[in-house]
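One chain is shown next in structure tokens, namely the form predicted alone.
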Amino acid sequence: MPIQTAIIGCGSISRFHFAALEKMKAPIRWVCDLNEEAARPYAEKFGARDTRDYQQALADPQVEVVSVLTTSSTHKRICMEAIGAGKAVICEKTLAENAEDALEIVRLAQEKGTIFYTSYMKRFMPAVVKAKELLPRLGTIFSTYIRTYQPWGDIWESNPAEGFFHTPPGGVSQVVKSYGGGILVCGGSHLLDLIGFFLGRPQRLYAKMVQAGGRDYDLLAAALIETPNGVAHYEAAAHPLKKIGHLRDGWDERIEINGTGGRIEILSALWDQVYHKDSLLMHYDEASGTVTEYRYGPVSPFEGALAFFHDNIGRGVQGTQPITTGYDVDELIGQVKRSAATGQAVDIEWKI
């Protein structure tokens, strides 16, 4: 039986969740948003109830899973209330505004026996799924290069006069209001998750960050990260370059994993253009001396993520994605900031 869903938050990210649920023919029982105009079209399309008060959805005994698609600053309260109401939870990234809050959420989910996911959907890109399958063929992994260069416009030289990246004098930019930070949180968090996914929980890191004058968010975060499977060279950067990247659209995100048995390279497409741009995976095999290219048509990783989450929730199991995923990334974000602030390498002490 398909499980009954309540959606909390109908902002821009929600369109990918709604599209995935529609493809799965998953019933949506509630659509919740403080903006009635944002919720109503989805409620009408899916035959769901709409409300400004998500407590109504949490009180509905027929709701089995709650998707939390609001900004990170609201995640802790909503997630903990959903867990307390006995619902499985799918939460957008980042899980919380800091590692301490993320840890509190995860510990409550463990205590209540709740199936809980933080939706780092890049795990479900076809190129990433295939790379994970090929990973054992690399032998001993000794080095990884992982980076995201994202086209945010000309924000290095001056504070934009308006818009999402404008920091008003004495005020807060919209990017910080919405996501809690700059490139490290917005784009770099996904790649921190993929470091753990491919290489295991990091043990130690040394980081640098750049925040330009007059702006309240970071434009660059770089780190050397020690893992159980070699060193990861990590970088997240916001930039003004319009024609870089393998599709020459300004988006330059790539992963290179090197082992004694070969190399894997992933070149990804813009995260929000998944319906008309695709990613590329290349596998070099040392034994045969051959390079195999895996080209995938445009596929939304949200579809793979939601199908995985709902299948496991329906079967009553957490599955292969750890309940700690969101905490792990938030802890790494905190440690990158700590190392950058002190100029010192830091040992990562996992609290769960």
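Quick caveat: nothing in here was measured; it's all calculated off a predicted structure. Residue numbers run from 1 along the displayed sequence.
A second form of this protein, the form predicted together with a small molecule, is not displayed here; the remarks below concern that form.
With the partner removed from view, the residue among Val89, Ala131, Ala223, Met121 that has a non-hydrogen atom within 4.5 Å of the small molecule in the model of the complex turns out to be Met121. Contact with the small molecule in the model of the complex, defined as a heavy atom within 4.5 Å, holds for exactly one of Asn159, Gln211, Thr71, Gln203, namely Thr71. Val291 falls outside the set of residues with a heavy atom inside 4.5 Å of the small molecule in the model of the complex. A residue is said to contact a partner when one of its heavy atoms sits within 4.5 Å of a partner heavy atom; Arg147 fails this definition for the small molecule in the model of the complex, lying far away.
Contact check for Phe302: a non-hydrogen atom falls within 4.5 Å of the small molecule in the model of the complex. At the 4.5 Å threshold, heavy atoms of Cys10 reach the small molecule in the model of the complex. Here the marked residues Tyr54, Ile78 and Trp271 all reach the small molecule in the model of the complex, each with a heavy atom within 4.5 angstroms.
Contact with the small molecule, judged by heavy atoms within 4.5 Å in the model of the complex, is confined among 56-64, 304-312, 28-36, 321-329 to 28-36.
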